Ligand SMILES: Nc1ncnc2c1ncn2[C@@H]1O[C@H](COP(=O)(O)OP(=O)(O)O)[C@@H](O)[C@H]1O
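Just one chain follows, in the form predicted alone, and it is written as structure tokens.
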């Protein structure tokens, strides 16, 4: 940037100075009838033709520098080593089983304070577990560890008695799928964006996934149907439709375990009801772990795990924990005081 600024400023100064010099000297000579005014004008135009391409070189230099920086970032991305590595001799996870954390402790890199301490938790096949607690308590950390987005610092996490660190990445991502609050969409069609979850899937597979969660007609009503270009970040789709694409990706994989980071928290009420219905169909018959921010979501869970200050402090059903009068009961009371009736 410094070189470009210096170069552009110098060229601009020389160009303006040259034109001023030609006009000054040429005007003096024209006044003495040594040359015509047309000759002076011709010189000015020729100088403009000379300096315009030279000035454009500075803009070209900026473009080359930006391209070089982008290429450097691309190489860094290609060379990046994944935080979670595949075992040298991986095994496939079973089709179903108990997802369990065995005395798990975890700390983020560079942190001296653990984000989770001594987690012991067992989730039965088909069970719905809600993770609740104050902001920063460790709810999302639990969800990320259970889906092996991170490996525990101590302890182990198993699915069907198989340590997740021994599982092949292919079978792990087929077995456990994470649906974030807002899924990222790429430039391409609806077909392309859903097929990201399973690149070998056919168009018929994508159609079946959309039908399975009950939203096929909504996407068929788009201008070009499922061949509609969604553009970068899904700018042609509404927030609800973008989230439905995320749910369709999960349905296409057909996982045994579904991890949800409150998939309806950023939607308007009209769209939220559509996503809620699709979500209910997607969760049917699967083990579900949801990071919950609403009382209505928590109450639909089979069990509730309360995380506070990096520890699992309470575990049980909604009724059991309310009757206990502990941390969860206090959270429920706070929810009821702060949330409108239609959003609890």
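Numbering follows the first chain given and starts at 1. This one's a predicted model, so the numbers in the text were calculated from it and none came from an experiment.
Quick note: we don't show the form predicted together with the named molecule, though the next part is all about it.
- Heavy atoms within 4.5 Å of the named molecule in the predicted complex belong, among the stretches 127 to 135, 92 to 100, 215 to 223, 157 to 165, to residues of 127 to 135.
- Each of 113, 140 and 150 places at least one heavy atom within 4.5 Å of the named molecule in the predicted complex.
- Proximity to the named molecule in the predicted complex, defined as a heavy atom within 4.5 Å, singles out one entry of 249, 242, 144, 174, which is 144.
- Taking non-hydrogen atoms only, residue 108 approaches the named molecule to within 4.5 angstroms in the predicted complex.
- Shown here without the named molecule, the chain has no residue in 309 to 327 lying with a heavy atom within 4.5 Å of that partner in the predicted complex.
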